[in-house]
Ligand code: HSE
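To begin, one chain is listed below as structure tokens, in the form predicted alone.
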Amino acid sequence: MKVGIVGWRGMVGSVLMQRMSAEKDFELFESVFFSTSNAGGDAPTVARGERTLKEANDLEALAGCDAIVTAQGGDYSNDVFPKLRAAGWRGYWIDAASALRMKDDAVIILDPVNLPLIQDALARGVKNYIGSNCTVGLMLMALDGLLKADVIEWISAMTYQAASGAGAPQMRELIEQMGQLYSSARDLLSDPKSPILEIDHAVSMSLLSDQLPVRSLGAPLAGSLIPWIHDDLGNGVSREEWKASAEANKILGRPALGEAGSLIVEGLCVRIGAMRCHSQALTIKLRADLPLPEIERMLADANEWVTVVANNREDSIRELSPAKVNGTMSIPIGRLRKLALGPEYISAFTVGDQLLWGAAEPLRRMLRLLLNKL
């Protein structure tokens, strides 16, 4: 099997390469690396890999692959994918971008949650497999046990999304903003007797200054937050918020939102000053009054990556932070308790690495599933 890999130098692509190397995936197939800017240059050194980079827009070279794994982005997918299909290519397209997610001939991949749906699609000859929105995927992984038991009536998800979800330039700009805020108060901070209100004023003025870099983020994020993510759909809902119900129901193989049998997922999406890992505060309406220990058991037993964190101050602070989860496959879920709204209402807080389970990992696992089928 020959696998083409596009977008391997970007943020998601770099994490994908790390995971594929760690899991020795490259030993299982011939790989061809494509580039939009350095065709003819040296390709990454991997087992069974061609040594020279090919042009990422070369349809003939792409068509020579049995499968293409891309983390190049939605513009690339929208441009190249239809041309490849129109030229008669019948290979497998595995994509991290959102461009094709909701297409009727595409499956959103999150195999710990929807493996039977993926296997059925492979058996039916479906060729397009797309990674989920990072926040939606992480939420479904965390709630996997309750979803499999079909005990959830609706979910309200308030997300705290890291700069990594916006892209590498935004991560860089967040650090630049942090540095400028520090510089604005550095002299005051060096004096233990300086009034805190003077420090606050200096930082506040820096946040509002024309000198604060906002070219990528569009607004101050260090020392602040951005209460809107993605496009405005015109009805008070952002596209990031719309994705929650739309993608969750497709991943779970359920009808679209509003149809009988669909899962209601609502909430607000907020960008915060974390570098990496998305967090989510969940309010969940269950179909019945289930004992909390039973809920915890369902969650803990669902898949090997979910960990239930005891709902106390020490464990919550230690285990439920982006700093702790960064770079790991772990998806902890905690702050579990019954709410005053009624015995069938529970709260939860979960966090996961946006670049691993939220992006790269489902792609490499889909490639493994495809290899096993073929």
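Residue numbers here begin at 1 and follow the sequence given. Predicted, not measured: the structure shown is a model, and the values here were computed from it.
Missing here is the form predicted together with the ligand; even so, the following discussion is about that form.
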Position in contact with the ligand when the complex is considered in the model of the complex, options 212, 166, 106, 199, heavy atoms within 4.5 Å:
166
Which listed residue (277, 134, 174, 130) meets the criterion of a heavy atom within 4.5 Å of the ligand in the model of the complex?
134
4.5 Å heavy atom contact with the ligand in the model of the complex for all of 161, 240 and 354:
yes
Contact flag, residue 229 vs the ligand in the model of the complex, heavy atom cut 4.5 Å:
yes
